[in-house]
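Let's start with one chain on its own, the form predicted alone, as structure tokens.
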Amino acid sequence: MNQRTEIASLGEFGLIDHLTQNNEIKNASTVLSVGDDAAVMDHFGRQTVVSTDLLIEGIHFDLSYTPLKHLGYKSIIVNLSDIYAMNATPTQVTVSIAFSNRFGLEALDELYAGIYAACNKYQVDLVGGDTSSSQKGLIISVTAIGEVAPGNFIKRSTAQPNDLICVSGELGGAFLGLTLLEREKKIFEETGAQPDLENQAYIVGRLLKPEARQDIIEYLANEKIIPTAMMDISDGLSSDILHICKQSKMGCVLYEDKFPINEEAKQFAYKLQLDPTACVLSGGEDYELLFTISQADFEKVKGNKSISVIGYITNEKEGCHLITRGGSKHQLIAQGWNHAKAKEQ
């Protein structure tokens, strides 16, 4: 029987003290951390970038197959990804949680082990937060704060005609991981059979333990490449490129045969009778970077195996399209491309 410490035995301040007892400061910009009414930061003339995400049990995560440590890690990563997507460096986070009485202290320690693992890996300071009880389930709110040299942040609204559209890493894996875990959960609930993840460590890892692309931001800086527009891919490639096009008042052309899909993930998609391209376009939760660059920078990105050029920006009146492997042209819609129309043409 696992030991369980009732949280009520600590009280709120006792709980915060317990969860932050080994908190260490890593950034000079963190002047005052946990323990006062507010944290104090000084970014020494650099501009401050702030992003907040809310993760709600039953909507954003399912604890039947998400270990609490992984959840803590991911809750930090999804926010750091937003800071990197602004071409900024994350420096601090705040974490607020609300939890029902089904969580003991040991469960929260697991969650915070993941939070601290992410903070340590990305050299970010945890500087505050709040705890509360909830009527049911677990709610996590994370705010990430970062810094960037004045004017060096990159928006979604500044793509230019003929810019190249680039993505980091591989796409579609997280959606396949979710599909597999949901399938096994359903089988377990109906039959009691133990989950069979079919050795699909890659796609399960893409969902449960994503990483933020600090390496890409550092590469772009080292190569003196300034993206013209950028965001992270959390909703699927089609939704996210359409955000950039809408805000930039531009169109785009994407090439299906240029999409970076992991071979293992592709084969598993076929096994599930899913279209790997649909997983890329509509899947989401990849937390890769989607950015546009001037054609003059093509030679610089060409050699980076972690960056794929998947299309280009056009004038707004030309619309947003996908060129399939077979060479046919389809209009991009927010949830992938329109299969019904594709069949007609």
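Position 1 is the first residue in the sequence shown; the rest follow in order. Everything quoted here is computed from the prediction, not taken from an experiment.
The next section is about a form of this same protein that is not shown, the form predicted together with a small molecule.
(message) Which residue, A269, C252, V95, L180, is the contact with the small molecule in the model of the complex, using a 4.5 Å heavy atom cutoff?
(response) Answer to the contact question: V95.
(message) Exactly one residue in A278, L55, V34, V309 has a non-hydrogen atom within 4.5 Å of the small molecule in the model of the complex; which is it?
(response) That would be V34.
(message) I need the one stretch from 123-131, 73-81, 202-210, 163-171 whose residues put non-hydrogen atoms within 4.5 angstroms of the small molecule in the model of the complex.
(response) Heavy atoms within 4.5 Å of the small molecule in the model of the complex occur in 123-131.
(message) Whether L10 contacts the small molecule in the model of the complex should be assessed with a 4.5 Å heavy atom distance threshold; does it?
(response) L10 lies outside the contact set for the small molecule.
(request) Answer for F259 alone: is it within 4.5 Å of the small molecule in the model of the complex, judged on heavy atom distances? (result) Contact with the small molecule, no.
(request) With heavy atoms only and a cut-off of 4.5 Å, decide whether I16 touches the small molecule in the model of the complex. (result) Flag for I16 set to yes.
(request) Flag F103 as yes or no: does it have a non-hydrogen atom within 4.5 angstroms of any non-hydrogen atom of the small molecule in the model of the complex? (result) No.
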